[in-house]
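Given next, in structure tokens, is a single chain: the form predicted on its own.
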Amino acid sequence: MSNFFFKVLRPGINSTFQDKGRYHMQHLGVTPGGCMDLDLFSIANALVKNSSNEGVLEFAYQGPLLKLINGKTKIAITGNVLFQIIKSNNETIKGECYRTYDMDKGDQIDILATKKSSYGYMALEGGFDIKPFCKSVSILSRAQIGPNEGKKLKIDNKINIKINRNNNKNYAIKISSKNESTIRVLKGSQFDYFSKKSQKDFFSKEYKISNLTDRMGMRLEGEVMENIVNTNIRSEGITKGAIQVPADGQPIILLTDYPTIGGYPKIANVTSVDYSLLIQKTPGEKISFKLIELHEAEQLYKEHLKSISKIIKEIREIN
């Protein structure tokens, strides 16, 4: 373990280490977890020349304030994030997302807030020196699984970094973000449990994202869904993006830290191509749903992966 590290001066609201998750433990009741926004995660790692699954720091709404106690590193922040770097001589640098910054001993990174979005990411050159659990450094805070004793960052935590900065070149890229309010979905396995009116309402009415939203799920408020068969089903395997409807008729979208099984009927499932768009929505925002077919969803996702791969390739070429 290196002697280069940050000290947590302010932990932020929901700051955790994340990678792509652990996908071989669902039969044991352990969800894959991982980063909420795979696109931002991947771009952050590319900017600092890391491998595609290097662990990063994920934060929500308000991020942490970290002081580099020893060493020197290079960082990148992705998302729609307000942040600043406070140099050891008290010079303050207003941060820009999607570019790299050098940090030296005594410098601080102050991640103030996400702007009109939920999640942001901080990656650093070489990565964080954290111990994986079952081949992943993703933290599942509800189950207390992962590094940092499976817990969110706390004040005075010590965050070790793997290497001293090797590259003194800095660069920036431009990323355009979309703010669509329509989320494309596929029919759920219990779609026919709901009345024709409710099926129609689901795709024609808006839903408001409630405050009861976290990494596990997003509760919606809007038109009550009428179940004409049974409000409960035998528990079955489930996945992120599933839209369950409990007995109160108000949909719940399961997110990245979803349970591995569920016993509520599912009216729809969020498409992979729109998942990152969905999770960046904040409580109080309104969304609507559009039904598409499986072949459309597959093609859209292929095109999306191609566009992200192009961005990653361009970053690698700059490096």
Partner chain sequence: MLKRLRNIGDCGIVCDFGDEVNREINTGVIKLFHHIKNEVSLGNLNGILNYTPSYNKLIINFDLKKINSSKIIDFLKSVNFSTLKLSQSSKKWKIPICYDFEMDLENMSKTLKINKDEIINIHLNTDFFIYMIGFIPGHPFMGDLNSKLFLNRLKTPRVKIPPGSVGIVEKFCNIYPYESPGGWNIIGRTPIKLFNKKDEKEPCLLSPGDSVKFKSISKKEFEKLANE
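Residue numbers count along the first chain shown, from 1. Just so we're clear, the structure is a prediction, and the values are computed from it rather than from any experiment.
Beyond what is shown, the protein has a form predicted in complex with its partner chain; the following relates to that form.
The candidate site formed by Lys49, Ile130 and Asn170 is entirely out of contact with its partner chain in the model of the complex, as no residue has a non-hydrogen atom within 4.5 angstroms of it. A heavy atom within 4.5 Å of its partner chain in the model of the complex is found for exactly one of Gln84, Asn230, Ser88, Gln144: Gln144. Checked against its partner chain in the model of the complex, the residues Ser288, Thr282, Asn70, Thr260 give one hit for a heavy atom within 4.5 Å, which is Thr260. Stretch-level contact check against its partner chain in the model of the complex with heavy atoms at 4.5 Å: of 97 to 105, 173 to 181, 234 to 242, 204 to 212, the positive one is 234 to 242. Its partner chain in the model of the complex comes within 4.5 Å of a heavy atom belonging to Gly188. Although the partner is absent here, Lys116 sits far enough away that none of its heavy atoms falls within 4.5 Å of its partner chain in the model of the complex. Residue contact with its partner chain in the model of the complex: His24 places a heavy atom within 4.5 Å of it. Not displayed here, its partner chain is approached by Val30 to within 4.5 Å at the level of heavy atoms in the model of the complex.
Scanning 276 to 303 for heavy atoms within 4.5 Å of its partner chain in the model of the complex gives Leu294, Ala297, Glu298, Tyr301 in sequence order.
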